[in-house]
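Take a look at this single chain, the form predicted alone, given in structure tokens.
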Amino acid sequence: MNILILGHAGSGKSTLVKNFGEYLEENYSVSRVNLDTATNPIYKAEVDSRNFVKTEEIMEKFGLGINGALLKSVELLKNHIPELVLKDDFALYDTPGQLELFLYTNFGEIFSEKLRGNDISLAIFLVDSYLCRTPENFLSAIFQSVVVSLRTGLQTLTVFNKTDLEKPLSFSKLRELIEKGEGVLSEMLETLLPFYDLTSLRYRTIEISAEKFTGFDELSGAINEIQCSCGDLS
């Protein structure tokens, strides 16, 4: 099972790779892969992209700023994709902090294609629950989760992280707030509601705290259902 972990900067991707990996290791063999060429991993990585490409060295070599160097880094990393895809009971792939570096580059497209052809694979779109306190932010996250599915071609689990600090809105509360709103913004939000049904949230809401090791049983259950082809995520 390949698990590609994506999310915005600060959503807790690396912490999830570290701690969920430890949780899985109680029963399975687990490999961790760091795909972020700009950051040393906080966990022991079986494969670290920085062994092939380091963003700070790219900045110096090509005279680039940080954004240009990040794009150049993933461009060069394409040459090492075969070495980055591992076989194990579970292989966890920690993507760059900047979501667009994976979703909107040729590297991400080719890497996702490689995963799709290599055993069972899925994506986790990790959402910081604190950012989902308003309908605008919540639906932005939902829409982005759908984009993850489209861009990677992988079945995607939408997972709310940091729920020990803040709970995400329920769908019923989300609809209630939108219906009470007025103006063009509320109309726009209402048109985005159907995207909710295109995510795994239509079956279950997975709430975790990667830092506190909570919610991992539920997350593991959802992953196993996909692995066993047991139908929907209910």
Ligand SMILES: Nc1nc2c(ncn2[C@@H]2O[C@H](COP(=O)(O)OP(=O)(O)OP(=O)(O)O)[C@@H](O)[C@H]2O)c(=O)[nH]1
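All residue numbers are counted from 1 along the displayed sequence. As the structure is a computational prediction, the values presented were derived from the model and not from experiment.
Omitted here: the form predicted in complex with the named molecule. The next part is about that form.
Of the stretches 60 to 68, 24 to 32, 164 to 172, 47 to 55, only 164 to 172 has residues with a heavy atom within 4.5 Å of the named molecule in the predicted bound form. Although the partner is absent here, Gly12 is a contact residue: one of its heavy atoms lies within 4.5 angstroms of the named molecule in the predicted bound form. In the predicted bound form, no heavy atom of Gly153 sits within 4.5 Å of the named molecule. By the criterion of a heavy atom within 4.5 Å, Glu211 is counted among the residues contacting the named molecule in the predicted bound form.
For the partner-free chain shown, just Asp36 of 25 to 63 comes within 4.5 angstroms of the named molecule in the predicted bound form, judged by any non-hydrogen atom.
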